[in-house]
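The data below hold one chain only, encoded as structure tokens and taken in the form predicted alone.
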């Protein structure tokens, strides 16, 4: 059931191969990355994101051999994500495994095991017949979740929000689920409220780029509105988080993407005027539960 999005970035020899997520589902092509600048370019251009940017960071550290410099550069390119925590992970493991290639391989293996464990934990708290609304893309974790649900006798159908303007829900999540023959239905972003009102969906699952110990999160733009809707309609809203920190999340810079990207699916547009904050902040008050990368569950 594995899809290319489970491991969208890999290393071969002295090059990194990055699955170009902007070409999916029409073409499965890879971009060759040989240095830090090329890695930053694919990061800025949204060629990979979510788990892909984690893998890209780890493999770029192998190329540069400069962990702190790489973390700072990645942070400038994608300010909402905690690349410094990833750098800390490499330094921690380096005390036991001095070879950086073996070190990164070990970290990625453990990371993937934890992602599967998290899916199993989440499956335990979802309804027996889960109708799951999602936003953006979780790089394989919904496949792991579906398997985990089936193992304990639960069923699931996914309602996939298209996730404008890059359409990650359409091009990535829906495609990934469809390829695996998992029940899924694509919805426009503005259909979420009516589906909640009619009880078509009974839970919402989102990822997060950052989170704090209070339970506030930063995630793909549109997450906040879904959380508010779910709270209003008394529908559980669960978030997959990484490593919550003792931070004031409002102080984190929200990435403002080029306004032209809002018009990207309309072809050539002259003098475009738009705004595109790529992420939003969801306060803990509107979240039902958090599942961190270690599988620890915190529910309201």
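Quantities reported herein were computed from a predicted structural model and do not represent experimental measurements. Numbering follows the first chain given and starts at 1.
In what follows, reference is made to the form predicted together with a further copy of the same chain, a form of this protein that is not presented.
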Triple contact flag 59, 207 and 284 to a further copy of the same chain in the predicted bound form, non-hydrogen atom at 4.5 angstroms: no
Residue 289, heavy atom within 4.5 angstroms of a further copy of the same chain in the predicted bound form: no
Contact flag, residue 262 vs a further copy of the same chain in the predicted bound form, heavy atom cut 4.5 Å: yes
Exercise: residue 112 in contact with a further copy of the same chain in the predicted bound form, heavy atom 4.5 Å: no
Contact test in the predicted bound form: residue 215 vs a further copy of the same chain, heavy atoms, 4.5 Å: no
Contact assignment for a further copy of the same chain in the predicted bound form, among 202, 94, 106, 225, heavy atom within 4.5 Å: 225
Contact stretch among 77 to 85, 180 to 188, 138 to 146, 98 to 106 - heavy atom within 4.5 Å of a further copy of the same chain in the predicted bound form: 180 to 188
Stretch 152 to 177 - residues with a heavy atom within 4.5 Å of a further copy of the same chain in the predicted bound form: 159, 162, 163, 164, 165, 167, 170, 171, 174, 175
